[in-house]
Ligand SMILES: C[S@@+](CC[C@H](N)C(=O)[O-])C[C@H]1O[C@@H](n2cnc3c(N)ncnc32)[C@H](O)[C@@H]1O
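One chain comes next, on its own, written as structure tokens: the form predicted on its own.
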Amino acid sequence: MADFRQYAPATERNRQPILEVLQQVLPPSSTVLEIASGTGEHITFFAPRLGHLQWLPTERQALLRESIQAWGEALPAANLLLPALDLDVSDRPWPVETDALPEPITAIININMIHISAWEMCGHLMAGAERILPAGGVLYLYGPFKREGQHTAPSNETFDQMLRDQNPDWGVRDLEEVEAIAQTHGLQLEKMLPMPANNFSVVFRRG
């Protein structure tokens, strides 16, 4: 039988530190919407360890949706809602705005996306969070960020150049610019936590 699971090596290194932050910032009951779930390794790790929440993966690439499904079948959890939704943040409305869910969405997580997508996708993500999240809802971002236009480590500068060489629309984003867009969509920066490998956990809350 074919195994459609894909692997992202960084996931094994960062999933536990991310989990520890999510345990602090996610609401006590909710559907957690993951935007751009990638291989599915993160959400299948989080779901059984945060069993009081419902977890809904999304991914616009069909091959990755197959990977998410395969990971979900290999590591089943009753609170993992499959199949993953085909969701592109630039679409409006998002599928979750029209589909019935067991619990309302009060948290959105997005790991390692905005630096490997066009800058306008950040704005689309924030606009979707504004539409979906209730007052007090959480938007969690993880990834590398610049601070006040400067890289926080030489390795991030190298990584940024590699991304831009691969696609000129990609690149490590400036946190202050991300925060400015978030504010226009009713999202306030609540905390920013340094993470391993010069990444950050960034938590926004819906006003």
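All residue numbers are counted from 1 along the displayed sequence. Because the structure is predicted, anything quoted here is derived from the model rather than measured.
The same protein also exists as the form predicted together with the ligand; that form is not shown, yet it is the one meant from here on.
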*Exercise: Asp88 in contact with the ligand in the model of the complex, heavy atom 4.5 Å*: yes
*Is there any non-hydrogen atom of Leu81 lying within 4.5 Å of the ligand in the model of the complex?*
no
*Wondering, does Gln161 line up within 4.5 Å of the ligand in the model of the complex on heavy atoms?*
no
*Is Leu64 close to the ligand in the model of the complex, meaning a heavy atom pair under 4.5 Å apart or at it?*
yes
*Of these, 132-140, 97-105, 71-79, 116-124, which stretch puts a heavy atom within 4.5 angstroms of the ligand in the model of the complex?*
116-124
_Among the candidates Ala36, Leu26, Val172, Ile181, the residue which, in the model of the complex, approaches the ligand to within 4.5 Å (heavy atoms)_ = Ala36
